[in-house]
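Next comes just one chain, in C-alpha cells: the form predicted alone.
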Amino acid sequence: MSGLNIVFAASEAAPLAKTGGLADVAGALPAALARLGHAVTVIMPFYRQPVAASQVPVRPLGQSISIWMDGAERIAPLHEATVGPVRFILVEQDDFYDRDGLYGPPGGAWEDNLPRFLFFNRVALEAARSMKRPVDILHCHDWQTGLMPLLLATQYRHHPELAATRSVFTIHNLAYQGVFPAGWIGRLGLPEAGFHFRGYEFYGQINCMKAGIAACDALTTVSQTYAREILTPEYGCGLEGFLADHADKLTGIVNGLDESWNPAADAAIPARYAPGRMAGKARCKAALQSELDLARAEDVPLLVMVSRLAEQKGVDLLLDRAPAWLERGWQLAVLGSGEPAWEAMLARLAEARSRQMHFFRGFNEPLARRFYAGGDIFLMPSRFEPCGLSQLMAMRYGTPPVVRETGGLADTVVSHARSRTSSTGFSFSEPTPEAFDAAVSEAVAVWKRPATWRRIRARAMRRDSSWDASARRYAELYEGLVARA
C-alpha cells in the first residue's frame, strides 16, 4: 500500500516554530514520509513572530473556519506554506498565538493553554474535513493535541470525510501532560462521557495526555527503551498503570536527524569534514577555542554540552564534577538556558576559569553546530531522555557522547564499556556524579589513544541516524491501521 493522505497536528514544527525536539520531528518526519510517496500536511498554530523569523513564505489560504467555544464565536483564517515536499496549514488566532512564548512566558505557562490548544484541535479537525481527499491518518503529538483523538472518536466520527480516519498519538515527553481544572469541560464543550478514570479524568482534573492515549488507534513514543520505561513507576509520571492498559497499541520508534546535520556541507562550521577526511575537525576545534577565548591546545580535551538547563538533563551532575575536571586541566563549554540558579553557577565558574571554560546563556543554533563540530567529547547525562537528538548530532559530527543509559540514549549510543568493536560513545547507568565522572574519565582516557579514538569517531559518524528508516516504520504502522479499518 502506498500514497496515504496523512495529516500531522502539532503545536510546533521546524522550521516555522521551534522550542524543542517535537518541532524537529514534526518538521522532518513528514518530509521523510513524503519521500516514500505519501501526501503529508502539517497543521499548526500561526505564531507570527517565529514564523516571520523563519523567513518561510506564508500566504493566505482564502479559507476561514468558525468555531463556537466558551460562549463566543471565533473565526480562524487559514494560511499556507510549503517546505520541501510538505504542505503546512497555519491556524490564525492572534490573541491566542501571537505572544512572546509558544506555551508561556519564560519559566511559566499561559493560564488559557487549554482553550488555546483545544481551539487549535477543533480548527485542525475542520481543516482536515475540508481537504479534497479523505484523511487516512491523523498523527497527533503530545498533550497539546491529545484531545484530537478523543474528539475524532466522538464528536467528529459521523462526518463522512473523517469516518475512516485512524489516529496515531505520539508521546514525546510524558512529564508534560496538560492537566487542567474540570470546570473547563462544560465551558469548552468537551465530551463529558469520557471524563472518568479510564478516559481523560486524572484526580478530578482534565488530562489531555490521557485523552490521547485512551482514544487513539495507535500509540507511539520516540524510542524503544522509553516505551518500556514509561510502564514503570520511575518513568510513568503517574500514568504507568493506565499506559499498561494500553500497552498492546504502544510502539517505540526512535527519532532521526534531517539532512542539514552534515559536517561535510554545514555552512555554520569553519571547516568541512567527513569520515576519511578529518582534517577539518581539528580546525573546527581550534576555531571554537578561539571563538570562546579558551586556550588554544590540541592536547587538551574539550568537553561540550548543548542542553536545556533542567533537572531532567542532569545539569546538577555536571556542576558537581566540573570544578574537578577543570583542576585536571580539561576544557569545558556549555550552551543552554533554564534554571536561573544553574545559569548563575555556570556563569561564575566560567568567569573564574575563563581560559578553560565558556558558558553561553541561551540558544544559538549556528553556535551549537560549532560546539558539535569543535568539541572532542559531548556530555549528555540526562536523568531521562525519551529519545534525544543532541547525541545523534554529536555522533554525526564526530564528537562521541557520554550519556546516561536511559530512553533513546540507550537505544542510539553503543557504549565502549560494552563493546570495544562497535562502540560509538560512552555511558553510565546510575544518575550520580561519581558514575558520570567515571564515564567521562574513561572517555578522556580513550581520547588520549588516537588510533582507538579514530575508530570510535568513525563508527559514530557512520551511524545511520537519518529519518528514512524511522519513516518506513511509521509508514508500516499507518498502513497496518488502514488495512484493518
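Predicted model, so just to flag it, every value in this text is computed and none were measured. Counting begins at 1, following the sequence as shown.
What comes next is about the form predicted together with ligand ADP, which does not appear here.
- Partner proximity in the model of the complex, defined as non-hydrogen atoms within 4.5 angstroms of ligand ADP, places exactly one of 243 to 251, 389 to 397, 116 to 124, 272 to 280 at the interface: 389 to 397.
- Using a 4.5 angstroms limit between non-hydrogen atoms, residue 363 touches ligand ADP in the model of the complex.
- Ligand ADP is not shown here, but in the model of the complex it comes within 4.5 Å of a heavy atom of residue 313.
- Within this chain, residue 300 is remote from the site of ligand ADP in the model of the complex, having no heavy atom within 4.5 Å.
- In the model of the complex, ligand ADP stays beyond 4.5 Å of every heavy atom belonging to residue 15.
- Interface residue among 227, 345, 86, 368, judged by heavy atoms within 4.5 Å of ligand ADP in the model of the complex: 368.
- Between the options 187, 355, 328, 308, the residue in contact with ligand ADP in the model of the complex by a heavy atom within 4.5 angstroms is 308.
- Residues from 21 to 36 that approach ligand ADP in the model of the complex with a non-hydrogen atom closer than or equal to 4.5 Å are 21, 22, 24, in the order they occur in the chain.
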